[in-house]
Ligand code: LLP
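Only one chain comes next, encoded as structure tokens, the form predicted alone.
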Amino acid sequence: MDRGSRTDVPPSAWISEREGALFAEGVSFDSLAATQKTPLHVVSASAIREAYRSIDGALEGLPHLVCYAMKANGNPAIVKLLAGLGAGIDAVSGGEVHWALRSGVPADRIVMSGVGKTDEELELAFTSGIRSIHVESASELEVIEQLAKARGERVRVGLRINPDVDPKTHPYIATGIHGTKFGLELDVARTLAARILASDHLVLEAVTSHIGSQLGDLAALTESVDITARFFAWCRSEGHAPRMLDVGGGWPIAYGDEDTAYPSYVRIGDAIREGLVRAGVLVDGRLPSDVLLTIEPGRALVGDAAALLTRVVHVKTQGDKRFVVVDAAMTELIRPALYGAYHAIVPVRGPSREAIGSAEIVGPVCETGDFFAEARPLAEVSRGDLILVRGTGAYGAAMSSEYNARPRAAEVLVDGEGVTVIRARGTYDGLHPSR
């Protein structure tokens, strides 16, 4: 839940203070607000590049593929940027497969997850030739086999196991515990592996798992990798030849409310290696020559690479509370309302000023749950001032909506002193384009 008394603001390599105001790389947030209006999603290209290099480097020496979990932010400009760095895509819908391909991601770098893929989405995966369709139920495998048979093809699939490992994260983002909707229990996965081996229309390309987001427990990660890699090795011993060992994502970022720091990406890479060693898959620092280690970070690549710029509309006192009403809302960032998530919040002008007391930072949507922070220490702000909500790159713009008939906010990509609009601001007429 939001910890109102916290004022922690994580360090940033792309947001800086100059002469009492905040800048995004080489561009002032004041100028962005003047030219692009607010609310505005501001994304840093340099921060995405640096995050990719940091994650990629943590697995140096191992043949690997970083498949960006596109659900974090599927803007084609961001996907294209990551594809240019060598990333693949973890897609969870037909739309994500479509836009990954349109953004220049090679099909053999795309995997598809998700518990409820429709027949139409599966057909798209077949025709586009993506690397693997990750199966999450016996029913799904049956449907894939039937569709593949009708097409007279052999289709590459993966088995997503549920290792029943508690990642000790928010329950809404824990995905590898029995009782969640995700993945296959091991006994079911073994049965499906036998079915794949006997099929003329299926081939096992991958074994995969994912236990949750914001992983801070390295022991849990190592255990999950160990279980996944052991099942991978078992599949190979049974006559399969899977080439992709996918250990999921969950690499964390700091939001500012952490009591202890998350482990470095180097340590996360070491925890993955330890799991592979325990399973006997990594020997003398080497994987089998035909095995590709795959990871699926999303938040870690884009989460800290964006911020939500918003303007104060009104300041009011009601009872014993100071309400700062801004022009952004849960329609631009639903995480605080949905998860009770913490985001650092600072004024664009005088960001280092001391707080004068606590504030309820809220949006204009007609829901009491439309807030960004509760009882948050905040410097004095007035109507027209700009406020920056930090760490919104993951599940900010991606989960936005047009509730209350609010046109979607624009997104801009800042690269040095260059600014590119990567999503145009919505319009009233665009709210109902079929009318």
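Computed from a predicted structure; not experimentally measured. One-based numbering along the sequence shown.
Not on display, but discussed next: the form predicted in complex with this ligand.
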At 4.5 Å between heavy atoms, only one of the stretches 102-110, 243-251, 220-228, 79-87 reaches this ligand in the predicted bound form; which one is it? 243-251
Answer for His201 alone: is it within 4.5 Å of this ligand in the predicted bound form, judged on heavy atom distances? no
Although this ligand is absent from this view, report whether Arg273 comes within 4.5 Å of it in the predicted bound form, heavy atoms only. no
Can you tell me whether Glu205 touches this ligand? I mean in the predicted bound form, with a 4.5 angstroms heavy atom cut-off. no
According to a 4.5 angstroms non-hydrogen atom cut-off, is Tyr52 in contact with this ligand in the predicted bound form? no
Let me know the one among Arg156, Arg236, Arg335, Arg322 whose heavy atoms come within 4.5 Å of this ligand in the predicted bound form, would you? Arg335
So which of Pro163, Gly363, Gly269, Gly298 reaches within 4.5 angstroms of this ligand in the predicted bound form, heavy atom to heavy atom? Gly298
Under the 4.5 Å heavy atom criterion, name the residues of 339-354 that approach this ligand in the predicted bound form, in sequence order. Tyr339
